[in-house]
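A single chain comes next, written as structure tokens; it is the form predicted on its own.
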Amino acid sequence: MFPKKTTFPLSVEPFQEDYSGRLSWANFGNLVLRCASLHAEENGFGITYMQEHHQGWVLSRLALEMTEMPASLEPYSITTWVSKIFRQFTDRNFSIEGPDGKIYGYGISTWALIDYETRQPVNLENLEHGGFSACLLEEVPPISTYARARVKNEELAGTHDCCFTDLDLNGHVNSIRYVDMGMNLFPLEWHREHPLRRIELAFGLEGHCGDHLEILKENLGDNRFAVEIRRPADNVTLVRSILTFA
């Protein structure tokens, strides 16, 4: 019997906080992806299956919306489930709660399964034994879906040179590192008065160690900012995102 929805109990460990004493967005984002990986493994389509079939999950879209972050040493949980399969893509959702049932926030994400030999996406509807359709739960978090994130203002807001500590298991820049790049465009005084409440990321090509990146930012109003991260060497966009602050 596949666990359609799995809850992972956690707590804010020392050094997982940011300056405010609450769980940092970087650690939170990586924990969300870790819970996704654990749930996939429980259902037979995690890293063990992927290694055997020379395939891997690629994050295409991610939106996380939080009313606030849990504080240092505070217990909380991340619940995750898969709600939809549509050809090469699948939707995975998240809810973040405190032990008293308090809702901290929700998340939505879209993934593709890539065949490492062909470098092409796999049709998820044609996986053997029905794939993971048995674990689908058609339940959607009560947050808005992805917006169109595109910077029209071409003014350069920052740069980043990708290095060893940016990389993940696949040798690519960790998806959540792009959140850091966007947040670092704003001074400490801004973060003190305007905590980050929502991130939206749309991923393009992967970043690699040694890449020089240019970061563009545009004020969309209402404390929403579009951030675009480009690699000028081949003129491609790696990530388009929207950051929404309180």
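In this text the structure is predicted, and so the values were computed from the model without any measurement. Counting begins at 1, following the sequence as shown.
The next section is about a form of this same protein that is not shown, the form predicted in complex with a further copy of the same chain.
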Which of 145 to 153, 162 to 170, 112 to 120, 88 to 96 lines the interface with a further copy of the same chain in the model of the complex (heavy atom within 4.5 Å):
162 to 170
By the heavy atom within 4.5 Å rule, which residue out of S83, S77, T80, N174 makes contact with a further copy of the same chain in the model of the complex?
N174
If you check in the model of the complex, do R197, T237 and T244 all have a non-hydrogen atom within 4.5 Å of a further copy of the same chain?
no
Considering non-hydrogen atoms and a 4.5 Å limit, does a further copy of the same chain approach N30 in the model of the complex?
yes
So in the model of the complex, does any heavy atom of R34 sit within 4.5 Å of a further copy of the same chain?
yes
Using 4.5 Å between non-hydrogen atoms, is G21 touching a further copy of the same chain in the model of the complex?
yes
Would C209 sit within 4.5 Å of a further copy of the same chain in the model of the complex, counting heavy atoms only?
yes
Can you tell me which residues in 88 to 106 come within 4.5 angstroms of a further copy of the same chain in the model of the complex, by heavy atoms?
none
